[in-house]
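Read the single chain below, which is given as structure tokens and is the form predicted on its own.
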Amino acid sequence: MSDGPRPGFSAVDHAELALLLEVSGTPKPGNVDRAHDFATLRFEQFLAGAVGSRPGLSAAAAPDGPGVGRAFERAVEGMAQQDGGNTQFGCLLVLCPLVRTAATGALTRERAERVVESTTVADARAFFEAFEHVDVAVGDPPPDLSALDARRGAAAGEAAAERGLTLDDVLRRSAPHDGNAAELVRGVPRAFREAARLRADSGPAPDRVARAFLRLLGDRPDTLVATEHGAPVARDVRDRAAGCAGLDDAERLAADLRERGVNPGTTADLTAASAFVALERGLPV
């Protein structure tokens, strides 16, 4: 196994490929994949979302480009050009800082954490503006933070700017109830750990990704499931995923979650991030 990116592939290439591999792995219980659609969201729309996000990912990689927040907003705007709505919002939130990290030096947890720590008030404003492009499931903020409700979009961005909040500040306030925010402010440790397992695995990359998703889902409760269905359901999904002996068991879990409309989206986001790190470190495809 190589310890670095394959020649000729940039961090942007690997980010787009990570998005494509994430949705191609199957089964990924509760998520769209190459064998499972939702009634209003289909596999090909995820492919289109990945392609549409590329200009924003390129902005994240550009040394003289906009901040991470604006690159993320552009990636979401491009993703939203397909007809399904929100396909990869959370994936892009985690990927944009990782792309900036990889494009400007060594891809390490410490450097990824510093990239997020260095974000600005303008990054926070752009982060909230990204919510103008698609509907995203988010929980209610505490009463004293109602002005920062992400569903307010640009208005929440203005409120964050008035308070002098950086994107790092916003993520730290969200971390107790949002798995992606909790990962980003700590250098995305779960993605780096899972990337090592992905590389040590064998077989086609989409199968490796599906197994990575199952491991991550069984590791801890998915915060999107907790937001949409409550903490007990999220814990039950975690326990059932942890009890799966392999992808055949996961297929049975997938059928049940599809029927119940339970979507572990945060786990999909971290799976894409894990695939990106693994690709940057030489995952064969």
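As the structure is a prediction and not an experimental result, all values here were calculated from the model. For every residue, the number given is its place in the sequence shown, counted from 1.
One more form of this protein exists, namely the form predicted in complex with another copy of the chain; it is left out here, but the text below deals with it.
**Q** Does at least one non-hydrogen atom of residue 153 fall within 4.5 angstroms of another copy of the chain in the predicted complex?
**A** The answer is no: residue 153 has no heavy atom within 4.5 Å of another copy of the chain.
**Q** In the predicted complex, does residue 105 come within 4.5 Å of another copy of the chain, counting heavy atoms only?
**A** Looking in the predicted complex, residue contacts with another copy of the chain do not include residue 105, since no heavy atom lies within 4.5 Å.
**Q** So in the predicted complex, is another copy of the chain close enough to residue 263 to count as touching (4.5 Å, heavy atoms)?
**A** Residue 263 lies outside the contact set for another copy of the chain.
**Q** Indicate whether residue 44 is a 4.5 Å heavy atom neighbour of another copy of the chain in the predicted complex.
**A** Residue 44: contacts another copy of the chain in the predicted complex.
**Q** Exactly one of 253, 48, 247, 233 has a non-hydrogen atom within 4.5 Å of another copy of the chain in the predicted complex; which residue is it?
**A** For this set of options, the contacting one is 48.
**Q** Among 83, 162, 135, 117, which has at least one heavy atom within 4.5 Å of another copy of the chain in the predicted complex?
**A** Checking each option against another copy of the chain in the predicted complex, the one that comes within 4.5 Å is 83.
**Q** In the predicted complex, which of the stretches 33-41, 213-221, 237-245, 60-68 has residues with heavy atoms within 4.5 Å of another copy of the chain?
**A** Of the options given, it is 33-41.
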